[in-house]
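For reference, the chain that follows is the form predicted alone, supplied as structure tokens.
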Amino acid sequence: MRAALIGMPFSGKSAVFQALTGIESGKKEETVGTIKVPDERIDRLSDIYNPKKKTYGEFVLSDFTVPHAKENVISPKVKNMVQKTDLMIFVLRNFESLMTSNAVDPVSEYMKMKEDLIITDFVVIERRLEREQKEKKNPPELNILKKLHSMLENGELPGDSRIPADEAEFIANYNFLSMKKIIVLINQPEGKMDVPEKLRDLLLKDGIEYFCVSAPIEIELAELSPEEQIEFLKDYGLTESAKIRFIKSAYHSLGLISFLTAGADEVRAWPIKNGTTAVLAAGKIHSDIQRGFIRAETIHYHDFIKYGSEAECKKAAAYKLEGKEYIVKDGDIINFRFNV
């Protein structure tokens, strides 16, 4: 899973990147950090199996230091680089900065970035439709492009929820930015967690998830021990770090769940889209397992903890054999049987 931070100059984007990953942005155009997804189920299963290795789900997060182009809100180079990501995070400045004389206006920043994405995709579609008028080839994606054109013309972010999955496949190669999932992260002054009402209303209307963070506080928090972090968060009226809130928001926005594999060699979380079938989940581990899929032996995590072992789960009828079309549930512990 890949995510990218997008922000206007002086938004504190690089400080947010450091708060989330513990890495300072370098001189390269793209700095990449990895965020492990905390999962107490992995910890508990590791205590039981004592594996050689335990592996959490991961987010790969990118921060860009490409100079802003005067004629664009988001640099064309950055737009090209974020095409490989699953999620864009808009970082909005809601604090006074000594680095700029520009007024604090997160609403304007959000609107400018949103409009830039819309215009970028609108121009691509407009040119494609103009070419079609000359060529008269009537490709299968034509009606979908027209539908998307209408949404963008009305200033709407289509996201991936307003275009059905079977239709989205026809336009996947265009990598439209306006169809990517977006989360808004509001970079606030120390101790302030109130979201401007106008911004909140806009985000609710657009169906965009959001949360607040004070980047300097989060950087300081990351340097403390787990025990000290709890007390530190209490002082600011928080219960979780920005990293945890980001992970929860990203998982929800992307519609992700995790199935688990467990044994003496490794205990591991495998992030997948909610609604994924067993045979496709098998492919997350290895294409050979998907190709030679026979069945999925499943025990839900809660049942495993309740009964204490695979043998006891079998006695309690909590051990199940599922076929290719079984919809994997969050927390399923799965052993795939296959033959290639």
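In this text, all values refer to a predicted model and were calculated from it rather than measured experimentally. All residue numbers are counted from 1 along the displayed sequence.
FYI, the form predicted together with a small molecule isn't displayed, but the following is about it.
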### in the predicted bound form, segment of 101-109, 168-176, 187-195, 243-251 with a heavy atom within 4.5 Å of the small molecule
187-195
### Task
Identify whether the small molecule in the predicted bound form is within 4.5 Å of every residue in the set 8, 68 and 214, based on non-hydrogen atoms.
yes
### Query
Contact between residue 15 and the small molecule in the predicted bound form at 4.5 Å, heavy atoms?
yes
### Query
Is there any non-hydrogen atom of residue 59 lying within 4.5 Å of the small molecule in the predicted bound form?
no
### Query
Is the gap between residue 236 and the small molecule in the predicted bound form 4.5 Å or less for some heavy atom pair?
no
### Query
Would residue 293 sit within 4.5 Å of the small molecule in the predicted bound form, counting heavy atoms only?
no
